[in-house]
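One chain comes next, on its own, written out as structure tokens in the form predicted alone.
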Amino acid sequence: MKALVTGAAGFVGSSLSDALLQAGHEVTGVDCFVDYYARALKEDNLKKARQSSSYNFVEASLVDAELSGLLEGVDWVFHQAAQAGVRASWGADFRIYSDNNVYATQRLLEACLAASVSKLVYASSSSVYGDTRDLPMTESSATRPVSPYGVTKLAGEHLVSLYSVNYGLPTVVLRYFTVYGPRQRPDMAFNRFIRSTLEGGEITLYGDGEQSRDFTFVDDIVAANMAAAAAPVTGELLNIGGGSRITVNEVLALIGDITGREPQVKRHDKQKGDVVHTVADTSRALELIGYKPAVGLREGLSRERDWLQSLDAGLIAAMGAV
């Protein structure tokens, strides 16, 4: 099969591209290198894929790129591209989120219709649920996002659904629950926590640490994408969680265990847009695409630790302050 992966230089997009190539598929990756974090880290993410003769990378923005050429002969589209970050989505930067998360998605959907792709898999987020007390979260739980980022991801979901219902575009929406692992963005909690602990630095923690998340290892996210593309289902929306719901305080203790060092934590008030608890009901994903998380939290954290320790000093420096 021939696949297009958007956001291909990012955390999930690059990991997915590598897996598709490993499985024998042809992959075109597209990314515009938004400056949310250092380009050097994204270039490093691309190194493995660029060694393959079956990989083609295009630097372009979905907001203004000519998309028909990118989609020529494409069977599967994995739409991973988005402006990330819950806390950064407030204020003057919201236009970046509306352009990259909503308008770009609409342009891609129109292009996919014209190209008659076999399946579009859209990467959404548990942020669309907001601060619900409906736990575990099911696909029918109310969606009340508490951040502008969550609003844009929900808008993307609605666009995907509209094109599926009205035009018959084959789609699957995957709601990711707190993804972690090698190549994780430097602003994300596990990356910051592990680096700080290894370096003997101080961890900045927002809230009392009793907030909990359903943490999902990146390999499980990748497996869910590939299964969703191949499965004979369309118009579906599925939770993709890791089955590892745990409080942040418990995570810190586990990081201390796997690094052999005591995390030094400085606590701050909870930030706007941060939800208290997330946990996914993934029974529908199991039923429809055979999804079942395979990597536990201790193993996944150890693999992220090993990745961070493998990076050279320049890349660690590019991650910035923790």
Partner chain sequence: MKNDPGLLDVLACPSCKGRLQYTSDEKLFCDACRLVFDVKDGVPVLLVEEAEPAD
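Numbering follows the first chain given and starts at 1. Computed from a predicted structure; not experimentally measured.
The same protein has a further form, the form predicted in complex with the partner chain, not shown here; the description that follows concerns it.
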Contact of residue 262 with the partner chain in the predicted bound form (heavy atom, 4.5 Å)
no
Just to confirm, residue 36 within 4.5 Å of the partner chain in the predicted bound form by heavy atoms?
no
Heavy atom of residue 56 within 4.5 Å of the partner chain in the predicted bound form
yes
Flag residue 287 as yes or no: does it have a non-hydrogen atom within 4.5 angstroms of any non-hydrogen atom of the partner chain in the predicted bound form?
no
Any chance all of 52, 66 and 70 sit within 4.5 Å of the partner chain in the predicted bound form, going by non-hydrogen atoms?
yes
As a check of understanding, the residue in 60, 255, 297, 275 with any heavy atom within 4.5 Å of the partner chain in the predicted bound form should be identified as 60
Counting any non-hydrogen atom inside 4.5 Å, which residue from 107, 87, 144, 158 sits next to the partner chain in the predicted bound form?
107
So which stretch, 262-270, 24-32, 275-283, 288-296, is the one near the partner chain in the predicted bound form (non-hydrogen atoms, 4.5 Å)?
24-32
